[in-house]
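The chain below stands alone, shown as structure tokens; this is the form predicted on its own.
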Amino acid sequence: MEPMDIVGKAKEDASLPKATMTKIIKEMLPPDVRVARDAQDLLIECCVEFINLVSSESNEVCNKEERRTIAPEHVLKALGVLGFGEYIEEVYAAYEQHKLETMQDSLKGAKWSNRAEMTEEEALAEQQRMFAEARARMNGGAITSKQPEADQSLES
């Protein structure tokens, strides 16, 4: 009796990155404790099974609410249904922390974040340079490094 996941692959095909899981396992234990490879594999399988269980229950909660997308609140409700209610607060706190970190990372790495610090003249010069590069690519020609007059006067 082989359970199948949503995409039709055998459950054994689903796994977690071994190196990442090994790192997590080692971080949770004192430095002098070693874990046998079989024990690591078993822990990874337990994690996969736990994820499958919570995902399945979250889907049921989602369906009962006549929703098509599993939301974080569905996962939290599923944890309660499965008897993991004592972890809901900690899971929610981790989720909030993740959201905060993700938002901060996206703001730090925003492609145009440094553009807000440009003057209007610098932004115009950058725009003209980008248009010239795009025209050159479209025409199959070389990109000419044409400096606007305002920039040349700054260099003098």
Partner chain sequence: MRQAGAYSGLLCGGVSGRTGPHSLPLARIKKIMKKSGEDVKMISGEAPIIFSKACELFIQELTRRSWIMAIQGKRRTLHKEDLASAVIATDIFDFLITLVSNSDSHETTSAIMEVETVDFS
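Source: prediction; values computed, not measured. Positions refer to the first chain, counted from 1.
If you look for the form predicted together with the partner chain, you will not find it shown, but the lines that follow are about it.
Not displayed here, the partner chain is approached by residue 101 to within 4.5 Å at the level of heavy atoms in the predicted bound form. Residue contact check for residue 136: none of its heavy atoms lie within 4.5 Å of the partner chain in the predicted bound form. Of the heavy atoms in residue 62, some are within 4.5 Å of the partner chain in the predicted bound form. The partner chain in the predicted bound form is approached by residue 54, whose closest heavy atom lies within 4.5 angstroms of it. Interface residues of 62-94, taken as those with a heavy atom within 4.5 Å of the partner chain in the predicted bound form (partner not displayed): 62, 63, 67, 68, 69, 70, 71, 72, 75, 76, 79, 82, 83, 84, 87, 90, 91, 94, in sequence order.
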